[in-house]
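Single chain ahead, written as structure tokens, the form predicted alone.
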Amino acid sequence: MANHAHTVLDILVNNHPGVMAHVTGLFSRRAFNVEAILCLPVADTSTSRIWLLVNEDGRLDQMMRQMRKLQDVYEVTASAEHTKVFADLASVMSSESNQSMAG
């Protein structure tokens, strides 16, 4: 994760089975790697917010336009500010992994 500039795609979607597969399938079909995923329901749980950590790439604008065409996607924005959340999670997960291996 440390060798490339990253950004987070913040995607507000309809919360029902299969939406994550539609979103990630879009990336898979275009051989665009997703480094990390965070997804939680929001508000009344009828919607979810997906954060995808991705490499900044010349294709990113096109990916965002394609996502906006998906029926269950309400909003897509990009923000480099949220990358710290993933760095913090990676630190916690690394720490947990080290503790598991030690004990």
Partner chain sequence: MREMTGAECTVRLLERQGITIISGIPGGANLPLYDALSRSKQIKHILARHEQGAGFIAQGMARTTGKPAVCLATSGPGATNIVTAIADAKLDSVPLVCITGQVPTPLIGTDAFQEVDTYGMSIPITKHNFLVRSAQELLTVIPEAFRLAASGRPGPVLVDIPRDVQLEHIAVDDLPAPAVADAPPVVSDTDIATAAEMINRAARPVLWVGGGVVAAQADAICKNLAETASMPVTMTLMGLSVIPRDHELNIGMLGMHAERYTNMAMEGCDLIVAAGVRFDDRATGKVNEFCPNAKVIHIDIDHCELDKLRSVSLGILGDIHDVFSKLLPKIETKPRKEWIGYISALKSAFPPHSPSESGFESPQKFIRLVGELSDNSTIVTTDVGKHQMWTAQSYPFTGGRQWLTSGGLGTMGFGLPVAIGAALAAPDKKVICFSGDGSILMNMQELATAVEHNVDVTVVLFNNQCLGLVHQQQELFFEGNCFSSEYPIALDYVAILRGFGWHVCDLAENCSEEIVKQALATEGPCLIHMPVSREEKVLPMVPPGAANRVMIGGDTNG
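Remember, predicted model here, so these are calculated numbers, not experimental data. Numbering follows the first chain given and starts at 1.
The following text describes the form predicted together with the partner chain, which does not appear among the structures shown.
Visitor: Which listed residue (A21, A87, M93, A80) meets the criterion of a heavy atom within 4.5 Å of the partner chain in the predicted bound form?
Guide: Partner contact (heavy atom, 4.5 Å) among the options: A21.
Visitor: Q66 near the partner chain in the predicted bound form, any heavy atom under 4.5 Å?
Guide: Result yes; Q66 sits at the interface with the partner chain in the predicted bound form.
Visitor: In the predicted bound form, does D72 have a heavy atom within 4.5 Å of the partner chain?
Guide: D72: yes, in contact with the partner chain in the predicted bound form.
Visitor: Does any part of Q62 reach within 4.5 Å of the partner chain in the predicted bound form? Heavy atoms only, please.
Guide: Contact check for Q62: yes, within 4.5 Å of the partner chain in the predicted bound form.
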